[in-house]
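Heads up, the chain below is alone and in the form predicted on its own; it's given as structure tokens.
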């Protein structure tokens, strides 16, 4: 190796060294520490830690029904976000992508909810869904629907739906922006040529837009799954996992194991399991994205 080549390589690695150090210190080391703690029974305070091997993992997988209830709740909210939230985002993106008046205004308005603090959004919706003086109940009373009024966030039958609605309202702007950018990358000439050949709007959408947008759909889907499964701030600011565990999600379950039960080791085991589940979803999405790229 010549001196110039060695100097160029050394300069290159020197530039990436700070980023590599940050990644190792704040990502790799914490993950290894969490995995280490997951095989111990520890209250987070005592200097004594009892080694229990894989016991925390087996308890979480086979004996902790609350954990699987939290996974089911997160999965339910994710399913609604994938369908209703992303469907609304796609519809609005298709509308704004057309030559309509004030489309720049709509872009700003639709993007506002995602940049708001989750805690603030939760507090505002707390007032809307309040059982006594909430805006929704007052509106329904004026419409003569008093029999349908209720404490939406405290009723076990509606709490998870209310939380999902808040999450979708806050999150649809991200999907809207990404889908709109994807639509704007499709050459206009394709649609115009199809119209000249007599194709209708549905045929253009299903045979041109959808195939070319498949990679974008997968990107939005995986961001929705990863973001929704890690929902936390809205849950904390509205229901705190209640009533009972009807709106408990994995992150609040991990926090409860750590803070309420003082089982740091078990909480770390839940965190490792949750991370592996999200990693599996990410790998599956990457494979589907590669397949969709070839198809489109």
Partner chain sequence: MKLLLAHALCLSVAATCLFPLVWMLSSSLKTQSTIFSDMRLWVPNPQWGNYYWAWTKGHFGQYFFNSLVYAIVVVLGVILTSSLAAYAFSRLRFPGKNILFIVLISTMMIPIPGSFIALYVLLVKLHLANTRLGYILPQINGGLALGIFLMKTFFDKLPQDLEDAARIDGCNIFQVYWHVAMPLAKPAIAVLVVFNALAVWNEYLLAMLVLSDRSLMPLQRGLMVFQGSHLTQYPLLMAGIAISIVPIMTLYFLMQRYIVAGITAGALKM
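The model shown is predicted, which means the values in this text are computed figures rather than measured ones. Positions refer to the first chain, counted from 1. Between two forms, the rigid core is the largest collection of C-alphas that superpose within 1.5 Å.
The form predicted together with its partner chain is left out here; the points below concern that form.
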* Counting only non-hydrogen atoms, choose the one of 168-176, 145-153, 186-194, 77-85 that falls within 4.5 Å of its partner chain in the model of the complex. => 168-176
* Which residue among 123, 203, 212, 140 has a heavy atom within 4.5 angstroms of its partner chain in the model of the complex? -> 123
* Answer yes if any heavy atom of residue 20 is within 4.5 Å of a heavy atom of its partner chain in the model of the complex; otherwise answer no. => yes
* Asked: According to a 4.5 angstroms non-hydrogen atom cut-off, is residue 280 in contact with its partner chain in the model of the complex?
  -> no
* 4.5 Å heavy atom contact, residue 233 to its partner chain in the model of the complex -> yes
* Asked: So in the model of the complex, does residue 26 come within 4.5 Å of its partner chain, heavy atom to heavy atom?
  -> yes
* To do: At a 4.5 angstroms cut-off on non-hydrogen atoms, which residues of 116-139 are near its partner chain in the model of the complex? List them in order.
  => 116, 117, 119, 120, 123, 124, 125, 126, 127, 128, 130, 133, 135, 138
* Asked: After superposition on the rigid core, does the Cα atom of residue 20 shift by at least 2 Å between this form and the one not shown?
  -> yes
* Core-superposed C-alpha of residue 277 shifting 2 Å or more between this form and the one not shown -> no
